[in-house]
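Coming up is one lone chain in structure tokens, specifically the form predicted alone.
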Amino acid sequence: MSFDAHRCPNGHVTYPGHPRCPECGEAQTETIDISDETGEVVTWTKSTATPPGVREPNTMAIVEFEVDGEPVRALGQVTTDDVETGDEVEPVYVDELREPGAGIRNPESQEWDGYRFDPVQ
């Protein structure tokens, strides 16, 4: 599974992708797998009142990656509660970001895997 950022012909990069670039309005036509990149924690928060099936507490961070000189930010779960602004992290694939059997959706109606951010040692 890839962790894709998206780029328009003018070089603007976003995560997630959009039908049109939020900066210039051009179609985003290229995907860039950033699963092997490292990024820097811009900010983070810890939620102690999570939806059904989401771990509690749940630490989330906004992480900034640099893709060909362009910054791109992604929001995601962190693997640990021990994170600080400025920490270097890397995406790590997990089978379940939340418990498929909890909540109101049919577990087969969507995918549950994805990426969390793990501090680089």
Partner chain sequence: MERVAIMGASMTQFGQRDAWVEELLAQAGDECLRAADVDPDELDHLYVSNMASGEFEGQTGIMNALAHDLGAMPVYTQRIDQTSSSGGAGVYAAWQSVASGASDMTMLVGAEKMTHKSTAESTDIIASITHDVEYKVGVTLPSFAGMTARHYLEKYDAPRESLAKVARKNHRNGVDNPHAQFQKEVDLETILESPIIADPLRLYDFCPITDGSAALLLCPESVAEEYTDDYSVITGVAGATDTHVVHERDDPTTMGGVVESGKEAYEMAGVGPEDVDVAELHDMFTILEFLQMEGLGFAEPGEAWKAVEEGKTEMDGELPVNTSGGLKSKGHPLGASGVAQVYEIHKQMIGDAGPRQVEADVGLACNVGGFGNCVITTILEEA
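Residue numbers count along the first chain shown, from 1. Computed from a prediction, not measured in an experiment: that's the story for all the values here.
From this point on, the text means the form predicted in complex with the partner chain, which you will not see here.
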| property | result |
| --- | --- |
| Among the candidates 27, 60, 92, 67, the residue which, in the predicted bound form, approaches the partner chain to within 4.5 Å (heavy atoms) | 60 |
| One residue of 47, 31, 79, 38 in contact with the partner chain, assessed in the predicted bound form (non-hydrogen atom, 4.5 angstroms) | 47 |
| Any non-hydrogen atom of residue 10 within 4.5 angstroms of the partner chain in the predicted bound form | no |
| Contact of residue 120 with the partner chain in the predicted bound form (heavy atom, 4.5 Å) | no |
| Residues from 5-29 in contact with the partner chain (non-hydrogen atom within 4.5 Å) in the predicted bound form | 14, 15, 16, 18, 22 |
